[in-house]
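Quick setup: the C-alpha cells below cover two forms of a single protein chain, split into structure 1 and structure 2.
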Structure 1
C-alpha cells in the first residue's frame, strides 16, 4: 500500500506541474466542479491555489456533463480546463473536447478510458476507495499541496468536503484512509481539533431543541423537523435548557447531560425498531476549525458541510463558493437562511414520502421510492441518503429513489448499507450499466450512486437495477 501512496503522490505532483505550466501560459483557468458540498470545496481548493500562483479563474458548478455542456464548452474555445469532483465517470464525453489539455481530479470510479489530452488523478487505480478513503476535495488538496506547502491552510476545506460526502459512514463516524492526510495537516498547523461527541446539528450555535429538530442523519421520526416536540422531549429529562436568558447548546452540556439525552433517544429509537448501528451514528468524530469564530456554524466541520450542501441543492452555489474562498459576514448570514429553508424543505418532503405509502414499493431486491411531482431533482440525492439511514426500510435491500427533472428526464439516486457493499455490491457499476442500457448516464460509488435516464426507460431501468443487485448478492 505504501508504494500505492507514493505512486499517487507522484501523479498528484505531475498534475500540479501541468497546472502551474498552464497558469503561467494562459493565466486564465476554467474550473468545473460538481454541485454538492464536496464539489464546492474541491473547486474552491483549486481556485484558491490558482489565484496564489498569480492566475485568474472561472469556477462553474455543474450537476452533470452532457451534450449541452460540451457544446457550450467548445464555443468558449478553452485550451485548458480543470474538472474537480466530476469527470472520471464522463471520460467518454470529455474525450470529445478539442482542448489541448484536460485535467480531471476526481474520486469517483473512473471509466476505463484514456485520451491524449487527459491528465487524470483518481485514487482507484492506486488501490484506494473513493467512496470512503478520500473525497474529491481531498484529491484536490493532495494536488495543490504538491504545488506549495503554503496550501496546507486549505486542508480544512478537504475535511469539509469529506464530511459533506459522508465519508465518515463507519462505526466510529470518523474520517479514514487518505482523508487523514488533510486531517493530520490541519491538526499539525493548528487549524483543526478532533474530538468525540454527540452529532446533533448546530452543536455550538443552536438551542438544544433546534439542534435535535434539525438532526436528519439519522432521521428521528416524530422529532426530526419538529422543534416543539423536541422541546417537550428534552424538558422531560430535567436538563436546564437555558443558562440565564441564553439558550444552551450541545457544547454547553456536561458529559452526564449528554449521556442522559443519548440514553433516552436510544430507548426511543429502539422502540421504533431502529437498528443499533443507526442509533450509534448519533455519536462520532467532531471536527472543530480553530481559526473560525466561536458560536458560528463554520467552526464545526459538519455544519460547514451542511451549509455548502444547502447552497448547492438550493441553487445558491455562488454563495457556497464565496464561503469557501473566505467570505463571511453577510454571506454567512445568507447561507444560514438558505440552510434553514433547505432543512425545512427536506423535513417536509421526507415526512410526505414516508406517509404516502403509494410512493414506496418493496421489490424483491430493492426498496423503490417514487418522488415524481414531489421531490425536486436537486433533493433526490440527500433524501435517498436520509431515507436509507432512517431505519424505516430493510437494510438488506438497497434503496432506489426516482424523480423527474425540469428537462423531462428521470433522476435516480441509490444507497446501500456497508454490509451489502462488503458482499461485493457496487452501486456505481450497476447504475452506470443500467443507465447506459436505456440511453442514460450513471455512475458513482459502490455505496451510493446516481443516474439520469429518459422517461420511457424508467421501468426497464428499475428492472435492470434490481436484476443486477440480485446477481451481485447471490
Structure 2
C-alpha cells in the first residue's frame, strides 16, 4: 500500500498515457459507465477527453456488470475498453475479458485482484476513501487533467459527480479530500464559486415558498411539505416573493434577506427543542457554476446532480450525457420534465408500497419491503433511501428493499441509520457475503449497500442478511 497524492497522480498519468496511445491506435474507444449521476458525469469526462484527442467514443451507461454483459462485450471484440465509476468491484468478471487492455477508473472499494491487461485507477490503495474523499467523476477528472490543461473545463462535472454521490454529507456540508482538486481547479478558472449559504432545495429554480417547503433536511415542523404556510412565513418577514412577474429563488436573495430567514427559522426550531447542530445543517457549501445561465438547474451543483440522477434512473441516459457534454436549450427542458416525472413516480410508488400491508414486513432484525412487480429495478435504491429516512420504520433495524429486474433477477437495496453503523454494522460487507452465498453479487458502503441475486436464492438471502445483521449488532 502506498499513500500519497503523488503516487495516485502518477497512476493517473499512466492511465492518461495509455488512453492517448489507444486513441492513436484504434481511434474508437468504448466507454462503459454506471447509471447514476456520478456515473454519467464520469463517463462524459472521459468521452469529452477522447473527443479532444481526436478519437471517437461509444459511451454506454450500465446498471451492473454480469455474464450477459460479458458475452456481448466479447462478441464485439473490443481490443481496448474503459470502465468509469464501475468496475473496481467487478475485477473478477473483468478479468475474463479478452481485450488487450482494460482501463478501470473508479472509486468503489476494489476487489483485491489484478490481471495482466488491467490498468486500474482507484483511490483506496493510495490511502484515500472513495466513499468520502473523491467521486468516480473526480477520479476521471484527475486522469484527463494529465492529458491536457484544456480539460480543466471538465472540473465542474467532477464536482457534480461528488455531490450526486452525497460526498458532502459531513457537518460542514462541503466537499472535502481529493474532491478539492476539482473544486480548486474550477474556482481558479472562473467556472465555480463556493459559498456558505442556505441549503434549500432548488436554489436556482424554485419559487421561495416551494424551496422552503421541499426542504426536508432538517424537517421543519409546520413548514416542510406545507407550501401555503411557507408563503405566510416569508410574507410576514417582509421578503418580496416576486421580481415583476417572476418568482424569486434563493439565489436571488440578498445577504440580509437570507440572514432574516435563517434567524427566524433558528428561533422557531430552538423553541421546538431542536439541537444547534440540526439547525446548522440548514447551512452548507453551495456550488455555483458561473458560466451556466442564472435560474437554470445547471447553475447549482446539487440541482445539476439531481437532474443527472433522474435521467439515469428514468432510462434517459443519452439526455443526461448530452447535458454533460454541453447541450442546453431543448435538452435542458426535456431533462427538467424527466426530473418532475421521476419525483412523481417515486412519490406514487412510495404511497402504493406503504398502503399495501403485504409488501411491508417487520422481521426480527430487519424491515423488509417487497417491491416485486411494482417498483422498477432502477427505483428500488432511491425508494430504500426515502423509506429508511421516512421515520415510519424502527430505526433499530436496517431496511431491506427488494424487487425483480427486467432480466428475471432480484435487486436488493439496504439502508441503515448512522446509530447502527456506529455499533459496527457494515452493510457493504453483509451484502457482499450474503449475495455470494446464493450465487449473486453484492457490495457497497456501511450505511448503504446493494446486491443482485438469482430469484431462487431470495428467501435464503433474506435469512442470511437477517442473521448477519443480528450477529453484527449483538
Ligand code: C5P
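Bear in mind the structure is a predicted one, so any value in this text is a computation, not a measurement. Positions refer to the first chain, counted from 1. Whichever C-alpha set is largest while still superposing within 1.5 Å between the two forms counts as the rigid core.
The form predicted in complex with this ligand corresponds to structure 2; structure 1 is the other form. The Cα position of residue 421 differs by 2 Å or more between structure 1 and structure 2 after fitting on the rigid core. With the core held fixed, the Cα of residue 23 is displaced between structure 1 and structure 2 by less than 2 Å. Core-superposed comparison between structure 1 and structure 2: the Cα of residue 317 travels less than 2 Å. With both forms fitted on their core, the C-alpha atom of residue 252 sits 3.0 Å from where it sits in the other form; this compares the forms between structure 1 and structure 2.
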